[in-house]
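Just the one chain here, laid out as structure tokens, in the form predicted alone.
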Amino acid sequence: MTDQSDLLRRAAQVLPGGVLGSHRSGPGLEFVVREGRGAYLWDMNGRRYLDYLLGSGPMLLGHAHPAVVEAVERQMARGTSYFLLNEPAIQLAEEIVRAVPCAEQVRYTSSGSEATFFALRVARAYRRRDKVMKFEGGFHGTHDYVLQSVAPRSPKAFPAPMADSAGIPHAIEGEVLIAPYNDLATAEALIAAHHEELAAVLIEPYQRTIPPAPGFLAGLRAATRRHEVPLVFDEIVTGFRFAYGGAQEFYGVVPDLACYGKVVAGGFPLACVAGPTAIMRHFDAALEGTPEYVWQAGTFNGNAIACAAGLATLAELRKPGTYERLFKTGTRLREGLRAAVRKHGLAAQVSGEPPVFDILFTDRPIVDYRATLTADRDRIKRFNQELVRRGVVKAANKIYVSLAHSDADVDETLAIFDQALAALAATGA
């Protein structure tokens, strides 16, 4: 068996920071995944971890689900990539249109970042305007237009944006307006003042782990409709997770366009933009050479293997009682974490809906991004590290729940939550 410490050393030489993105377990806690099955990961040393990272969300069914594995193996025998129409791609698009309230047509991409990028591009083509509005703290991938005011440490006054990365042209800042999440009055005022310039309003309907306040999404929908500005839901996280129809079904608000990824492809790299024909028609190559045409293509868009995995995943999610079971598991975990916080007398909030939530160490209610700035970042880092030490893996700022997590897994996790919080309370860290 390959030595894990040697693999980590090799990774540090050939991968920036020795990781694939930004996720880190912590000093002395990094590991290399050997395999994932169900609700668990195993590292190269054979240690088992309860997985609440779930590949950053896609693995709602758990790892290596038999139905997904079978569908992928069956498709692989027929070839892996065509760059042409294929039956799984057509079938998956049909299923997305059936499931998603705003969808009449689908355009595939290979990642969620691409999906939000092209959603904004097609909205600009449709609206014939350039500027976009997003919400402070909202994450929509890593392209220049959306990597603005995702995590500013010292936010500017609204609607001024702040770039979150080096390498973003300063000119982009002039094309993006920033609004506060869950503040309908301010969002309405910004739309009213800038609607003649706005191509779209982009939002995570459920922002990170912050639920929308009552009436917020409906009010935003009314304001954008009043000024004829397309409303775009980023449902990369919520799509097929909160309900089969996603956040649109769960919260009862239908946007003009929506972006899907993660769950929709069952763990494979595929995402999409979904919306009405009146907007989606701009992607039609028959318009090439006209000012209305939106150029969009990708080598792996509509990849047959990814689409086959997506179809198998969605078939499992359509089974009776699936979402009730997911919410029951998530509610038990979330409420158990809240009980442990109270038990240990820690200043913390457990924020979010049952399928994905997290803990923030602050006394302040979590209603928007600026409330999260009051949280103790060192303490959440320490909490996450205490979990890894005890065999639980989660995202830096999310706990994803899967259908593979059993009652016994929840029992084990809650015991580890209790131990991790006890360690924090004992040291005051």
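For every residue, the number given is its place in the sequence shown, counted from 1. None of these values were measured; they are calculated from a predicted model.
Note that the form predicted together with a small molecule isn't included here; everything after this is about it.
Exactly one of the stretches 331-339, 346-354, 200-208, 314-322 approaches the small molecule in the predicted bound form with heavy atoms within 4.5 Å, and it is 200-208.
Taking non-hydrogen atoms only, residue 56 approaches the small molecule to within 4.5 angstroms in the predicted bound form. Using a 4.5 Å cutoff between non-hydrogen atoms, residue 398 counts as a contact of the small molecule in the predicted bound form. Contact between residue 134 and the small molecule in the predicted bound form is not found at the 4.5 Å heavy atom cutoff. Although the partner is absent from this view, residue 112 contacts the small molecule in the predicted bound form, with a non-hydrogen atom inside 4.5 angstroms. For the options 229, 100, 307, 236, the one in contact with the small molecule in the predicted bound form, meaning a heavy atom within 4.5 Å, is 236. Site annotation in the predicted bound form: the residue of 283, 216, 139, 126 reaching within 4.5 Å of the small molecule with a heavy atom is 139.
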